[in-house]
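Only one chain is given next, in structure tokens, and it is the form predicted on its own.
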Amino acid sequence: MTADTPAILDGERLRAQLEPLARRVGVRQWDLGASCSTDLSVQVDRGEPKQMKGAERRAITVRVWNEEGLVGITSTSDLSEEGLARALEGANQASAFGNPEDIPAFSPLAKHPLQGEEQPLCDSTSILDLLGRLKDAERDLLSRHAAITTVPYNGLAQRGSERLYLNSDGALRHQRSTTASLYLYARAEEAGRKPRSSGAVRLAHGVAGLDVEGCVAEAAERTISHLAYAPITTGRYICVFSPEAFLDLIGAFSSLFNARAVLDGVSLSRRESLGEAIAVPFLTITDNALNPANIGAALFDGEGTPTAPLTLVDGGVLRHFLHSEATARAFGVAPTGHAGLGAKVSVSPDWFEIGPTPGQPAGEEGLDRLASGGRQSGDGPLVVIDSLSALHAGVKASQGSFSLPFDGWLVAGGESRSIEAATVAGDIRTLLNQLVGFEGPAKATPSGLCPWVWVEGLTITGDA
């Protein structure tokens, strides 16, 4: 897909088809969300093709409001006039069973100007070119160390996609994007030692923009750093989270900021939590889908509401929740651009920016997890948490607790040694109030922007 490629989703044509069809079945109020994509992906195994896939996907969701105001919804992949007619009729029939206690409406911002700019559309490449590039990357990674014997999980993919939202009130949103992704997950083995693994990911608007060399180098460095491992003694340690690990942890507890979860009673937050201090006074968390580093950012949500930066935590104080139209109406505020599309609309975050509060002291300064004679010399060893595992099983979001296996290192006296196997446990509310400070500049990752984060006194359970 390029800027010159004709759009598959034509909003005006769809409206011209839907309006008479809706009148025919007696529907006055309706909306439609649609997405389509063309995907190419490859995987390799020691220089040989493991998987080569091409797929075209299309998904359309139609909602209608009946004469009693109840909502029905149906899904289809058929954009023909006959397919749309069946979808409208099905949604109209389903509306008889709509929930009268939870009725969504059109977003009041569905026709407001979009705040972001269209991201660049890049030329697609052939699947054979993808295969050749991935073979070269795998070969390069295998050559980085004699212990790296395989790259069992790898993939190079490109996607061209479109999104559309329109409703019977005249709203029309349309966006096209192209994305490319590369992941390399290496496995290293040494005689008499357990296999060790790690990897790296890169995203770009197109295949030509992928930092293949950087991905190979990071995957090799992380994997090699875990070869010389040892058990860790159970205890409480100062922990330093990598940007990826801390973003994963905050994402696992995003119900803290989710108005839908608050209304459903499955969040640690309550309606009255806004304005309360929930973290150290130098922490700010913003949800910003429009950050230029967010590859494939959505300019609008499932209800057509424009996406925009939203400060969730400012100076440690909870300032805003993520909202759909329905939750925003319940709270008496405007939608924030975080809704899905459904009879009961879901709410979810986009892309977190985590860091120090502007104008506030950012906790302890000069933090360096590897510096000999640094902070750790006076406060015992550090545990550096590189990546977290089992987030779905080890997080109890409605209770605030977590117990998660992790890959990382024990740092003492300026020396770093990989940890054989361990879990980190704690409570997210306690953790947010035990931040020591931030180390280094913020790093852009697929899920957000964050520096290294130091946290006081978390429980590490090891084998020693």
Partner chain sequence: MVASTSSPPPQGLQATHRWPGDFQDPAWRSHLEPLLAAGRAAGADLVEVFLERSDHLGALAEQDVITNVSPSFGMGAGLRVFRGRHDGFVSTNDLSASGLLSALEQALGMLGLQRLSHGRDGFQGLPPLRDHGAGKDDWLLDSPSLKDATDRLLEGTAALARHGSHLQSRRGSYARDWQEVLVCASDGTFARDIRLHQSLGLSVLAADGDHRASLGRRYGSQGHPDDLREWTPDATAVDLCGSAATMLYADYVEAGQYPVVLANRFGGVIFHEACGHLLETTQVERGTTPFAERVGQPIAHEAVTAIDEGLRDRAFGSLSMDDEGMEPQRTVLIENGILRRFLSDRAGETRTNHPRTGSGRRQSYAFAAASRMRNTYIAPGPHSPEELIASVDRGLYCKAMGGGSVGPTGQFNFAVEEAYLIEQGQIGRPVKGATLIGEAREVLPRISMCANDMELAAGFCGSVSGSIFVTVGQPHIRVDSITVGGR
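Treat the numbers as computed from the prediction; the structure is a model and nothing was measured. Positions refer to the first chain, counted from 1.
A second form of this protein, the form predicted together with its partner chain, is not displayed here; the remarks below concern that form.
Chemist: In the predicted bound form, which of the stretches 314-322, 215-223, 123-131, 240-248 has residues with heavy atoms within 4.5 Å of its partner chain?
Modeler: Of the stretches listed, the one contacting the partner is 123-131.
Chemist: Here the chain is shown alone; which of G83, G366, P108, G170 has a heavy atom within 4.5 Å of its partner chain in the predicted bound form?
Modeler: After the contact test, the surviving option is G83.
Chemist: Under a 4.5 angstroms heavy atom criterion, identify the one residue in Q434, S416, N66, S403 near its partner chain in the predicted bound form.
Modeler: Exactly one listed residue reaches within 4.5 Å, namely S403.
Chemist: Answer yes or no: in the predicted bound form, does its partner chain come within 4.5 Å of a heavy atom in every one of Q158, V266 and A425?
Modeler: Judged in the predicted bound form, Q158, V266 and A425 all sit within 4.5 Å of its partner chain.
Chemist: Is the gap between A94 and its partner chain in the predicted bound form 4.5 Å or less for some heavy atom pair?
Modeler: A94 belongs to the contact set for its partner chain.
Chemist: Is D78 close enough to its partner chain in the predicted bound form to count, meaning some heavy atom within 4.5 Å?
Modeler: Looking in the predicted bound form, residue contacts with its partner chain include D78, since a heavy atom lies within 4.5 Å.
Chemist: For V411, is any heavy atom within 4.5 Å of its partner chain in the predicted bound form, or not?
Modeler: Contact check for V411: no, nothing within 4.5 Å of its partner chain in the predicted bound form.
Chemist: State yes or no: in the predicted bound form, is some non-hydrogen atom of R202 no more than 4.5 angstroms from a non-hydrogen atom of its partner chain?
Modeler: Result no; R202 lies far from its partner chain in the predicted bound form.
Chemist: Taking its partner chain in the predicted bound form, which residues of 381-415 have any heavy atom within 4.5 Å of it?
Modeler: Sequence-ordered list: A390, H392, A393, K396, S398, Q399, S401, S403, P405.
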